[in-house]
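Only one chain comes next, encoded as structure tokens, the form predicted on its own.
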């Protein structure tokens, strides 16, 4: 089969790249080893975890928060099987949706694993073996969980987020190794459902990569909710001894629990791709080097998403997929990495876009900070969700917004306005003079923009 473009991997970066390229008139093939399209994010990551986060939040509200609203709830029992079934249904509907979009856009799907076999040649190994020729290739093979030496995965008691999405009962005690996004989100799910949750983090802080102050304040909120954190803790082993899980830590007593979730980051999936057949060499972290157009050192071969440098985020991969497809088809394609938001879907949510204070200080940038708390806002009080704040960082000389950091209700939705502001080069004054509907949580962003110049109205 001859194609204009072959995409290896049908995750959020790969399938989006394939669809966009097809929209631009290219003959596109996409190789995916799993039966369901959508990649880790859709099948065993972003989507199922959010389904469980929503369900567990409603359960927690019914048991602990409805009374404050004058709603008496009794007999609110957990049907975990039904909750998991709903999660699976959401995933199934969306994976079928991607399959429909492939057919709608005439993208040819190949089942198996793809590898390069020299310039312009791609081989499919697996259920539907094939030898393909193509003008261009986009590698979108994603990432996999990082494995810690001494930690023995057994797929049931000690495992990754994949297993933690489908526990058949609520653990009495869940130990989460890693205080990053995945560990905090799934730890929150099982805490709401009744588990004791202990988070072990090697660093002296949680949410590495996010603003230090934001992470510190978020930890305080999570601790109030009952999550236990042990920072500066190095795990030396974890295994199931036939009766319980035993986690050993350097300089401390072993921790006994019934489930262990290992979430210490992810590594690129770049083995077995035949990169050597076109002269591509991986960097020290096994990532594929690319230029600003996402092109590798091999002509006609591009790479996107988790297998290249940058944050491992589905929306970052999607934007790169569109940019790569458009560059291949039109000669133009661009991603503004300063405007890529990140979100932790805990309760409250944590969201950031642009530069952190740590980065601005390290770069010697003179900036001013405006912050406004949700506790001063009417809509947040009506929701009963007043933890947190919006913080705006703006260049002191030009007033251009450099970063926005949010801890609070629906932060993941609110950060979109901040990302748009950075994308369009907006100033804090632009946001301050934009009329925001009242009463909406977005007003807190406006007040934070005003606060940077000492003009906040409601504080």
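Since we're looking at a predicted model, the values are computed, not measured. Numbering follows the first chain given and starts at 1.
Beyond the structure shown, there is the form predicted in complex with ligand NAD, which is absent from this document and is the topic of what follows.
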| query | Is there a heavy atom of residue 114 no more than 4.5 Å from a heavy atom of ligand NAD in the predicted bound form? | reply | no
Review point. Though only this chain appears here, would residue 265 touch ligand NAD in the predicted bound form if you measure heavy atom gaps against 4.5 Å?
Key: yes
Contact of residue 130 with ligand NAD in the predicted bound form (heavy atom, 4.5 Å): no
| query | Does residue 180 reach ligand NAD in the predicted bound form, with heavy atoms at most 4.5 Å apart? | reply | yes
Note: exactly one of 200, 214, 353, 380 sits with a heavy atom within 4.5 Å of ligand NAD in the predicted bound form, namely 200
From 219, 296, 233, 136: within 4.5 Å of ligand NAD in the predicted bound form by heavy atoms is 233
Between ligand NAD and 148, 185 and 343, in the predicted bound form, does every residue show a non-hydrogen atom at 4.5 Å or closer?
yes
Within 4.5 Å of ligand NAD in the predicted bound form, heavy atom basis, the matching stretch of 282 to 290, 106 to 114, 305 to 313, 189 to 197 is 305 to 313
